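Listed next as structure tokens is one chain, alone, in the form predicted on its own.
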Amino acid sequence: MTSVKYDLDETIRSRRSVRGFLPDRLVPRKLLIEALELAQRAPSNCNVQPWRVFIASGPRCQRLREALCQAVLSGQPGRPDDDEADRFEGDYRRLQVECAVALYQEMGIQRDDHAGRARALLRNFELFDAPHVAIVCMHRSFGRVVALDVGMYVQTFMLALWARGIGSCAQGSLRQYPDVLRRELGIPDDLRVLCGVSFGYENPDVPANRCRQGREPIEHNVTLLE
């Protein structure tokens, strides 16, 4: 992805998760600041702007990548800042499976390929070779309502990046190792790690980037009352 899109509708329609980046092509600081300034316009309850974001780039990002992979490969269990776990059942489970099947097909991973699946999992902690990663946090005193505000910030940030030709992938998996993130990035203990966003310029040669996910018709999610 290299083109610039300042049309909002087109940006929203075309945005997708990128799971393979050009590791040596850094995002120009000017473009990053532009995206961050736009994301800062995201709405929040009482305008408290609760997001706290730590961005590692270049060598700092590489050091974090190595530390995360070491934790995973050594068998260190994940210990997220909270023990809330999402369960996908019914249609939610169907969509989860369809997403995984489409992605694994592009990656050439079969259902019984346990080594391939393990490798695909590790790619998350390799940050998909991205030269940048944003770790998104909020204060421990906040709960789910404020987390919605932070989610709107993340979406705004990712759209602002995409409009500038920069791909990204939101990663809940990174919250599994908050101790590693705190050690490497200096994140204070009073902040709860929510997710990461790996970003940079897309590597078109990565098979996972061929994957395209569909969306349900709006009547599946929205009830219009007239």
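Values in this document were obtained by computation on a predicted structure and should not be read as measured data. The first residue of the sequence shown is number 1, and the count goes up from there.
A second form of this protein, the form predicted in complex with a small molecule, is not displayed here; the remarks below concern that form.
Practice problem: Tell me, out of L122, V146, C99, A71, which residue has a non-hydrogen atom within 4.5 angstroms of the small molecule in the model of the complex. | Solution: When the small molecule is considered in the model of the complex, the option within 4.5 Å is C99.
Quiz item: Tell me, which of V27, L64, L191, A170 has a heavy atom within 4.5 angstroms of the small molecule in the model of the complex?
Solution: None of the others qualify; the residue that does is A170.
Quiz item: If you check in the model of the complex, is T11 within 4.5 Å of the small molecule, heavy atoms only?
Solution: Heavy-atom contact with the small molecule at 4.5 Å: absent for T11.
Quiz item: Could you tell me if R15 has a non-hydrogen atom within 4.5 Å of the small molecule in the model of the complex?
Solution: It does: once the small molecule is placed as it appears in the model of the complex, R15 has a heavy atom within 4.5 Å of it.
Quiz item: Okay, which stretch from 110-118, 73-81, 86-94, 124-132 lines the small molecule in the model of the complex, with non-hydrogen atoms inside 4.5 Å?
Solution: Residues of 124-132 come within 4.5 Å of the partner.
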